[in-house]
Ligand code: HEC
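Encoded as structure tokens, the following chain is the form predicted alone, with no partner shown.
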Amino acid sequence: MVGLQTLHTLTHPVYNSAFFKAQFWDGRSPHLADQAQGPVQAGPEMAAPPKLVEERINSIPEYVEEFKFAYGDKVKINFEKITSTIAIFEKVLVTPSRFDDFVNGNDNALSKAEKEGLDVFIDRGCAACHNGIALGGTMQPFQVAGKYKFASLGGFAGDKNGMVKTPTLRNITETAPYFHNGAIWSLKDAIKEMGSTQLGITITDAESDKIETFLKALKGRKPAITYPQLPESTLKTPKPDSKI
């Protein structure tokens, strides 16, 4: 799996994705409902055309009843409704952290070392791109000041203007490896690489350690998710294509 991610592009986390201003690395989707349509249809992923998705869901009575319960008896269960429903679920996947408690007025939510790391994070310019609720999730120019060390790995250049979606820093300690091609595994190394690539500065080991200390405070409280028992398919449910 890691090898495939390295050859192509690293997957963005679903947690806090509702706060992203753009979806996918090249920002081609403006919101979650649109984004959800991509992987379903993509050949390397689910390879399911909209009509096939609609036929599958509508062939399973339990799914039909769930949609009626959520939207009313006259609901039209089409591809857009199905994918927008996925987006509605994703909007509950938010992870408030001690940093949020600090921003909301609890001065004791961060330690002295974490506050110092926050100061360095801001002073060195990291917040220029990693800002907003998600501390990322917007489209920004990449390789502003220098060449990314592993730019040749994966061949990804961003959108037509060279803009790349800035990854969220929330739960960053849990989402290694880093960058679009997953080439850097150490958070400390990723911080230093961003300094040279984006800011044109050298972030020292001491500064990187302080920033990393702050970033650890962005590990959030995960929502409790009860995974459902998926309903049974029926004889009317379209079968998988044997050619795939």
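Bear in mind that the values here come from a model prediction, so they are computed numbers and not experimental data. In this text, residue numbers run from 1 along the sequence as written.
What follows is about the form predicted in complex with this ligand, which we do not show.
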Q. Picking from 108 to 116, 70 to 78, 95 to 103, 136 to 144, which part of the chain touches this ligand in the predicted complex when contact means heavy atoms within 4.5 Å?
A. 136 to 144
Q | in the predicted complex, the one of A217, A36, M194, V53 near this ligand [non-hydrogen atom within 4.5 angstroms] | A | M194
Q. Do I203 and this ligand share at least one heavy atom pair within 4.5 Å in the predicted complex?
A. yes
Q) Hey, in the predicted complex, does A22 get a heavy atom within 4.5 angstroms of this ligand? A) no
Q) How about T166: is it within 4.5 Å of this ligand in the predicted complex, going by heavy atoms? A) yes
Q) Just to confirm, I82 within 4.5 Å of this ligand in the predicted complex by heavy atoms? A) no
Q) What residues in 76 to 90 sit within 4.5 Å of this ligand in the predicted complex, counting heavy atoms only? A) none
